[in-house]
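In the form predicted alone, a lone chain appears below as structure tokens.
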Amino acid sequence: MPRVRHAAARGIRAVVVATDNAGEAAACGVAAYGFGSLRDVVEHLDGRVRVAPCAVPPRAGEPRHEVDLADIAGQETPKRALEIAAAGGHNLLFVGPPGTGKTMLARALPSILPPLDDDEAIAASAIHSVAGLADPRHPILTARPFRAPHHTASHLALVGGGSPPRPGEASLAHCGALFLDEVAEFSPSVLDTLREPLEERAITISRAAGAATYPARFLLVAAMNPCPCGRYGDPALECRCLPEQVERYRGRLSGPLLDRIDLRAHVPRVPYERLRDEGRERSSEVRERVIGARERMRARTPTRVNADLTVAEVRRHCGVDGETEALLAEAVRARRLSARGYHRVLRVARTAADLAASDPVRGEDVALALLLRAEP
């Protein structure tokens, strides 16, 4: 698909491809002729056998999501963080004891993400085509990718590489989400390879034969226990970890990587009474708010979500009143926020305001953004 798109952008209107790739090529808007051998190509060009161009394959139907937010009891603050992440493209970390629903929350994310637009669908599908993962019957993705590599994954599996270079999980998550469950179990050196794509939204792999750049604009969602035994801070169970063990465990997420995570939500145990609550909000309702917030973002910055606002755009679109500015100043001093952290708080506050259909960023939006940036 990338090669056909490149040709189409330069005026090529018909291409010859292998039979199995004809559907992918036709989806790029050109006349795609599929052949099983070069002999068949010659016979077609000589006019001895005429082959019709491949029809554009139909798109797959709407996917069925394995987890709906209504399946998750309680956890209102983590659900709110998940909604903000989906709307603004903000990276998110869930921290909590085992069994509290961190993984389930993350797997509910695809059910509230907005639909792919045409450009995003083609861009994401092209990466899957390069990796050999495109479905010949439905080569164009209809749902945002959700990739969840195991914590034993190498840096080649995560960000790509090899000879010839191949895209990794970070690129396969382009226009979607990358979920790292038990993120503290990943190798620190592997996690640090994500700093480039999180900042640049692309990955460049250099080899002796040349360099390849793959897009990697993804939403990072991670989950971890608060300590090796998972009981730190749990009022019901006693933690048996030594302080240095807790510090070493949390230190597996480096400061520069943690600084690029906008939202950090604690996921506590759910009381029995809340397990039987009825009337939980469904993903479809939350998704409508997310779509509305994205439309407001698109009206301001057509090519970017709030998580990607430049510093100049933050100043232009995330202004606050004097009282709220004083709250921010106190938080910066007390928490020793970096300049990056300060701007990320404002971006999250802007998303919270967009979800509430508010033009100005309100004090409550900033307070929520600060609450959701607590230390893990």
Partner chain sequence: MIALGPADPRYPARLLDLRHPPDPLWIDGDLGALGGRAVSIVGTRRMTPYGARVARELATALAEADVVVVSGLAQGIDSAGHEGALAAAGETVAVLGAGIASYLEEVHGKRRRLAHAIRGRGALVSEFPPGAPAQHWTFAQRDSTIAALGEMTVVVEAPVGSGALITTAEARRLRRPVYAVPGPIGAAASAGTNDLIAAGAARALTGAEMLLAALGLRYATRADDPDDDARVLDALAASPSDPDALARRLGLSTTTLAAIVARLVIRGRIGTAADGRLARR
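Rigid core (definition): largest C-alpha set, two forms, superposition within 1.5 Å. Note that the structure is predicted; figures quoted are calculated from it, not measured. Residue numbers count along the first chain shown, from 1.
Not pictured, yet referred to below: the form predicted together with its partner chain.
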{"query": "The single option of 242, 237, 275, 133 touching its partner chain in the predicted bound form, heavy atom within 4.5 Å", "finding": "242"}
{"query": "Partner-contacting position among 314, 70, 328, 30 - heavy atom within 4.5 Å of its partner chain in the predicted bound form", "finding": "328"}
{"query": "Contact segment among 229-237, 212-220, 134-142, 178-186, judged by heavy atoms lying within 4.5 Å of its partner chain in the predicted bound form", "finding": "229-237"}
{"query": "Partner proximity in the predicted bound form: residue 5 to its partner chain, non-hydrogen atom cutoff 4.5 Å", "finding": "no"}
{"query": "Residue 271, heavy atom within 4.5 angstroms of its partner chain in the predicted bound form", "finding": "yes"}
{"query": "Non-hydrogen atom contact residue 359 with its partner chain in the predicted bound form at 4.5 angstroms", "finding": "no"}
{"query": "Partner contact for residue 193 in the predicted bound form: its partner chain, 4.5 angstroms, heavy atom", "finding": "no"}
{"query": "Residues of stretch 72-103 in contact with its partner chain in the predicted bound form (4.5 Å, non-hydrogen atom)", "finding": "75, 76, 77, 78, 95"}
{"query": "Residue 333 C-alpha shift between this form and the one not shown of 2 Å or more, rigid core reference", "finding": "yes"}
